[in-house]
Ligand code: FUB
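A single chain, nothing else alongside it, follows as structure tokens in the form predicted alone.
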């Protein structure tokens, strides 16, 4: 690895996004999403599934208080994925095993929002919930409400399925974000205590286990970078290097004796040691969280072999397992990566969290090796799947992000029950909504990175940026005209490296430049202005012909934005619509209009083949990110080409 390429993202307090498109999302999260999600966590959203998250912390705090006072504390089973009123006692833990993580992600979003726009009331509310969380911590540092409430004797006995280390990971990410935002260390100190317990428990002289659901790896690296404590980095490295070793830890944990050399635990990415992996497999969210942690550790340890594995896995995702919308995880069976080129539209899982995790992975790869292929995917996922997953009022959400929807099939076809034609108010398993909030609140950290000699621009958002080498004001009309301008106030000479998007065939830059790995490098020695014009046009994009579902079809894109057709604009039976490969498109912000054909419907189930009859029609395309905001109706990304 060439450490001279390494860069660090701009800290959130050094970038102020001022962008017509993105500022409204950041404000939507601050004004609507964060308050709404707290109501959901408190079970105050009418007709929404109950969270039980806050209740669990209150129960755990009472348990800790009773233990300290010497009272007898009951125990309950820890043998389920989800605990509800039908299968568990009223006094026990409720919800999914990872329910704690929802409040942690909410706190992380709050932290970023406080940096963007300080809000004293929100700050006070966050402090109240931090007090509650800390009151639920055991004296030895352990903090997971499932085991604290139900059975302390079973702590760290089922790493594969019970998600303690996953919840710890989200706790650590929230604690670091909150400390960076406020300077307050109560939650951070509680996190250090839990991290210390984990480091003391796992390692060469302790348990040889590792998380069943990854995220602790990159969270431990965050704690290391903040504290300088090597043990946190070494623990992350241990979790990664131990993963997939034989005999499998998960076999021993469940008392299984494997008598052959078979591979197992693909779902957990624990079938092989990560350094030996070259394909994205298993649960997609777990996968990209692991790959993000691998990238972090490879950088800190300067581990070429681990980084090489990251590159191979990335290339497998990008070239064979990525939806045009930036979605990953094609199958509902295990919420998982499927086989190469298996990208069904109407059965797509494409979990929101998976695209967010892919963005995490992309940023880390960019900060190790600046290559536009990482930022191109980051941009694709952000503008399409991530934005699609939240309603325009911020109060309903998609967990699954299909590329084709027939509402009747969602209700009546069991294979498609995971697909929803309208966004949901909340979920019992609510990992996605707070994940969206924390990503959109921290957008500034994904736009720009820097090292001693370079400032890299990865995403084109209007902003004021304070870098080591310069202050830069970015004015962006990226989505409409393709024009981006930089007003640079130089502190010392540096090179400005700006990404050339994959969708752009032609561009102009007002200064001399050299292109390397998809970035145009411009030498800056004094205060100056740089203007970039990207030629943004409407394109028809086809899949590889190895993607069986999309033979004879194409998708419409304009810049980074994927478009779709909806029944609300084009009538029912969208499968009967087609356009010419030479169709003329008209852009009417934010929609696209094209002349097309509608095949006349044939009610005969079978008939002798004859040439189809068509009638002319206008076809309206809307940004994929906005579909599903006008009630239940059909939707399709791909359209027939004839």
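Residue numbers count along the first chain shown, from 1. Note that the coordinates shown come from a computational prediction; the quantities given were computed from them, not determined experimentally.
Not on display, but discussed next: the form predicted in complex with beta-L-arabinofuranose.
Here is the short version: of 213, 243, 458, 438, the single residue with a heavy atom within 4.5 Å of beta-L-arabinofuranose in the model of the complex is 213.
Only one of the listed residues (94, 286, 499, 321) places a non-hydrogen atom within 4.5 angstroms of beta-L-arabinofuranose in the model of the complex, and that residue is 286. Among residues of the shown chain, residue 335 is one whose heavy atoms approach beta-L-arabinofuranose to within 4.5 Å in the model of the complex.
Using a 4.5 angstroms limit between non-hydrogen atoms, residue 399 touches beta-L-arabinofuranose in the model of the complex.
The shortest heavy atom separation between residue 166 and beta-L-arabinofuranose in the model of the complex is within 4.5 Å. Shown alone here, residue 546 lies farther than 4.5 Å from beta-L-arabinofuranose in the model of the complex, counting heavy atoms only. This chain is displayed without beta-L-arabinofuranose, yet in the model of the complex the stretch 427 to 435 from 178 to 186, 370 to 378, 427 to 435, 472 to 480 comes within 4.5 Å of it by heavy atoms.
Annotation for 181 to 212: no interface residues with beta-L-arabinofuranose in the model of the complex [heavy atom within 4.5 Å].
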